[in-house]
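One chain comes next, on its own, written as structure tokens: the form predicted on its own.
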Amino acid sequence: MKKIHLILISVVAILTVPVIASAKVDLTPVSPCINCHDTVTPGIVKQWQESKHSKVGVKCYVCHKAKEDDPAGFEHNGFRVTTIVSPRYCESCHPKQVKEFRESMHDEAALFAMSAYGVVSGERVEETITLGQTKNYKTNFSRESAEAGCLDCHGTVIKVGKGGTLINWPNMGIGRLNPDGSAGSCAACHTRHTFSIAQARKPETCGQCHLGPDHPQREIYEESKHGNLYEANGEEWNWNVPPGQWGPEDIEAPTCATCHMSGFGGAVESTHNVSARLKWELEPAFSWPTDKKYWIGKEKFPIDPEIARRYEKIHNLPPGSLKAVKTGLPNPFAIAKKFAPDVYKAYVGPGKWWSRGETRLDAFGGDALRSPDEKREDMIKVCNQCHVRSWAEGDLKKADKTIDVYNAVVLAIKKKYYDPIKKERLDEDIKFNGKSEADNLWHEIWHHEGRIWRMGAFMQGQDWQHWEGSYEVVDDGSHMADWLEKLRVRKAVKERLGIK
């Protein structure tokens, strides 16, 4: 009888273990999980055993015990667990990091992909994967292609179907929208189940998503002297130093995490807000400082008058044509509201993951809301750990002026060639996937080559800045001029022949 009581007490203790608020308290039932998963998923068990979580007593049920209001929770061998360990779960032990992540552009990544997510016709779920036609021509209007492409990095919307089946899963996208109302995936950078800080500090981790023609940071970094030193000597560097202590004595050159997140020996405070040190917007069609007045899009950003006049003369444009560029776009919340209103309603608004969502400004918080100069100052403090201030300032100011040149050149192409093609409707009947060659050229100019140009300038990727960026923009500008002339001739010939 005594033995039975002891067994019952043990079972009750296991099934009523609370989620702990600190990793120092060890109350979780590890044996029932390990006994089974050591056979079923031995790789996961090995990863956890080698992790810091294991060393400090954070066991399976600490992270996987489902919250009562989590739709993704399900019964599993006597426990209510969840497969999707969202930021709400990590927040129990890492509140600062989750708050900072929530205030960064990483957190909003999925909203930028809503035109690839929202299905406009033929929607159906087949073996947990959503199929159908989207409004995103870059994925051939295909939700199927988007699921394996852009949404794999940006993050998709995970839904819970009948019987607890997860739809659009698995997905580790950085901006993934979770069933519990949160956004993001910490495992996008700290791969489960080791959740290694060393891994998150290495450029290959950022390079999983930040590569290719539209965000070529990995390739640019590899060309830079920083990347050269990493490739040559990185295996000898000390990657496992605790946060707040990692500094120039541990590594010889910076990685992505060093500049954008690390405190780097106490030069600044470490952060998970990757937007906290960015002076410029290098993503949109035109660039402008990360200032509130530009984020809300109510004020244009002026181009350096002398640089503007230079390109007005070169392209024979009236004075003032290249005076300023539009700001505030693209707005992730407007994209979500337009292409997936149900998603917008579920995640945006009072009491939701984002309390507001009206302008691009609402995508940011915390240190990302500081002035552009304050953000630049933090970046320079990191640079100063290896370089004198004049070196760091000189290199960044050189890149700053590139923004004026980029804005002027690309605005000139748009005003003189692309806008007339659209205004005169010259390409209306020669489109594929809803876009003409002129549309594709314009997209490549700013979304591919323009980003390469700008990012290459700031990250010391000389060849990328010049030959893959600046030169390619000029080359496509000449193609755009050619298209305008040919399309006008084509229209005149059709009119003369009476061809509609």
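Fair warning: this is a prediction, and the values are worked out from it, not measured in the lab. Quick note: we count residues from 1 along the sequence shown, nothing fancier.
One more form of this protein, predicted together with a small molecule, exists but is not displayed; see below.
The small molecule is not drawn, but in the model of the complex it has no heavy atom within 4.5 Å of Lys431.
The closest heavy atom approach of His94 to the small molecule in the model of the complex falls within 4.5 Å. Taking the partner from the other structure, the small molecule in the model of the complex has no heavy atom within 4.5 Å of any heavy atom of Asp404. With a 4.5 Å cutoff on heavy atoms, Gly73 does not count as touching the small molecule in the model of the complex; it lies far away.
A single residue from the set Lys338, Lys292, Lys345, Lys225 has any heavy atom within 4.5 angstroms of the small molecule in the model of the complex; that residue is Lys225.
Out of the listed residues Gly181, Gly265, Gly297, Gly149, Gly149 is the one that sits within 4.5 Å of the small molecule in the model of the complex by at least one heavy atom.
Residue heavy atoms within 4.5 Å of the small molecule in the model of the complex occur in exactly one stretch of 421 to 429, 255 to 263, 308 to 316, 408 to 416, and that stretch is 255 to 263. Judged against the small molecule in the model of the complex with a 4.5 angstroms heavy atom cut-off, the residues Phe301, Leu441 and Glu449 are out of contact without exception.
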